[in-house]
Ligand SMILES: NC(=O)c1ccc[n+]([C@@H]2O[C@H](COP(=O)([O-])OP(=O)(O)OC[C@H]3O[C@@H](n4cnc5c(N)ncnc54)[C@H](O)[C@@H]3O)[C@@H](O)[C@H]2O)c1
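We begin with a single chain expressed as structure tokens, specifically the form predicted alone.
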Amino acid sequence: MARVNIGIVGGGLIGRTHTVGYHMMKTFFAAETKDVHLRMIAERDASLARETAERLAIPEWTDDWRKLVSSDQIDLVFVCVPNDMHREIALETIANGKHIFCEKPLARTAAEAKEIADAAERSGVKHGIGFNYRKAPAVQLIKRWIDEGRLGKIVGFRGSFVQDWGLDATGALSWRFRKEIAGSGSLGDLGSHVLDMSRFLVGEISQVAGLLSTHITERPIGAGGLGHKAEGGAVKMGKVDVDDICDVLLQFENGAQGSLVASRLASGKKNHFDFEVYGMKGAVFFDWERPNEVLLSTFDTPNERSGFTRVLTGGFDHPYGEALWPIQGMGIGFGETFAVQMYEMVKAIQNDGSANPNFRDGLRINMLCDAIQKSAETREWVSLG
């Protein structure tokens, strides 16, 4: 297998999560990744870059991302920074001939995403995007059942991704609350995962109708990140110009219909991502808070046993069973999904394949987000080409 040296741009939470994924990948997929090495991390805060490199045993660090993406020692770059930086870093990474993996959303707008995706495809580099929930064994099992026709013709999808950390109005006006940086609020941050899951399982979306709202319109100006408080002293307020809550109706090209909700104001919900898929022969329900099980209902089950049956995932008969934990019910968590997506990105490079999902998928999600925002403004359905 070809040697692959990895560099990570961004030493915050998501960048550190990818380093965890790297170390798990090296454990679960040891034979296939013996020539894969995490060599460098870049973070504009030099002290954070140094501390992260030392704590996670990364050989090199820099406070200049351009040094990383131009280094002869780096083959694959992971972009784990706020959304407004994706375009510049991605284009320079691609120009340097590096393979690239970018956290979602790919960009702030569909126009930016198209520029990135087109550049990657012209260059021939491998490109992937971080919709990690696809990689849960339970989700892959559901996908298998759908593709095999076990649920019959798919007619409905319902999904939600809701959290409650945004309820604290004293939390700092971080980049996630600013349109110029994030592009959108709960829609792009959380709803993009639901949109991707619906496309992955059901098919392409042809029309959307969206309703967006912002309930906390000002927050203290500060450098805090997710859920962080603003610094003490005199408090200066800044405007929140992205959505707190979004509700969306979906029309799929194959005739199925669906809905999604994303919110940062759902009291009691910490990281609640669930979805249901309904077919003419059966249905499934998945809840990320119980990531190692799927609820399955089939129409041909006798009435005395009808309803949903719990299926524990894992083991050799299920996706990734031979690499992850060998017994059903042993369980996986958030980190394993990052290990799998990094492994599959590396495989795409070593085997000259395509990453899945990739920048073309990221572009489609940005197109959907733009269409949903337009629909919310016009109060009309919006079609996608």
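In case it trips you up, residue 1 is the first one in the sequence shown, and so on. Keep in mind the model is a prediction, meaning the values are calculated, not measured.
Keep in mind that the form predicted together with the named molecule is not shown, yet the notes after this line are about it.
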query = Wondering, does I14 line up within 4.5 Å of the named molecule in the model of the complex on heavy atoms?
reply = yes
request  = Give a yes/no on whether V346 approaches the named molecule to within 4.5 Å in the model of the complex, heavy atoms considered.
outcome  = no
ask   = Does E103 reach the named molecule in the model of the complex, with heavy atoms at most 4.5 Å apart?
value = yes
request  = With heavy atoms only and a cut-off of 4.5 Å, decide whether V9 touches the named molecule in the model of the complex.
outcome  = yes
message = Given a 4.5 Å cut-off on heavy atoms, tell me which of 168 to 176, 206 to 214, 241 to 249, 307 to 315 is the interface stretch with the named molecule in the model of the complex.
response = 168 to 176
inquiry  = So the named molecule isn't shown here. In the model of the complex, which residue out of W61, Y320, F29, W65 has a non-hydrogen atom within 4.5 Å of it?
reply    = W65
ask   = Among the candidate residues A111, M85, L295, L265, which is the single one with a non-hydrogen atom no more than 4.5 Å from the named molecule in the model of the complex?
value = M85
query = Going by the named molecule in the model of the complex, which residues of 117 to 137 come within 4.5 Å of it through any heavy atom?
reply = G130, N132, Y133
